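In the form predicted alone, a lone chain appears below as structure tokens.
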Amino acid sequence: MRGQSRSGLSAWRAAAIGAAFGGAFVRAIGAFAAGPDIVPRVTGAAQPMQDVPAPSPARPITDDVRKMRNYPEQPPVIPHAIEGYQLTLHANRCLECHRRQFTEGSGAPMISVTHFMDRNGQVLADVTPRRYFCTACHVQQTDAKPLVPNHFEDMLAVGKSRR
């Protein structure tokens, strides 16, 4: 019929229902936006569009001391500078020292044997493509201050304190 949508509603009824839902949606968004600020600001200006000086960049820690891991499967952090390292599809500077063949000459630790396994557990002769881009998991250790407080306790410390 003329003046009806495919669902059988007349045009004015469809518009009225749409307006009612739209008004409820706008009120819900307004209530959400005007609600209390539960999460503290991490970065940026308190006022929108305000100029904020850029923080100084974090300096890499280059003491080459291995850091203890916080949990069993944590990827180790990189204890040296990696600025300027090429990490592309055709070149991976990390492997120049950490590949199995080069560790004796470089003194660098060999990459984990898990980096040679494909997703089916099959051991490959070289690094699997899944593990080729090192900085997807490993990060450089820096002197950056944490953005939020961290109250992490190692499992061993928690177990000892409860005894």
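Residues carry their position along the shown sequence, with the first being 1. It should be emphasised that the depicted structure is a prediction, and the values quoted were computed from it without experimental measurement.
The same protein also exists as the form predicted together with a small molecule; that form is not shown, yet it is the one meant from here on.
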**Prompt:** Quick one: is Gly107 in contact with the small molecule in the predicted bound form, heavy atoms, 4.5 Å cut-off?
**Reply:** yes
**Prompt:** Applying a 4.5 Å heavy atom distance criterion, does Ala58 contact the small molecule in the predicted bound form?
**Reply:** no
**Message:** Quick check on Asp51: any heavy atom within 4.5 Å of the small molecule in the predicted bound form?
**Reply:** no
**Prompt:** Is there a heavy atom of Arg69 lying 4.5 Å or less from a heavy atom of the small molecule in the predicted bound form?
**Reply:** yes
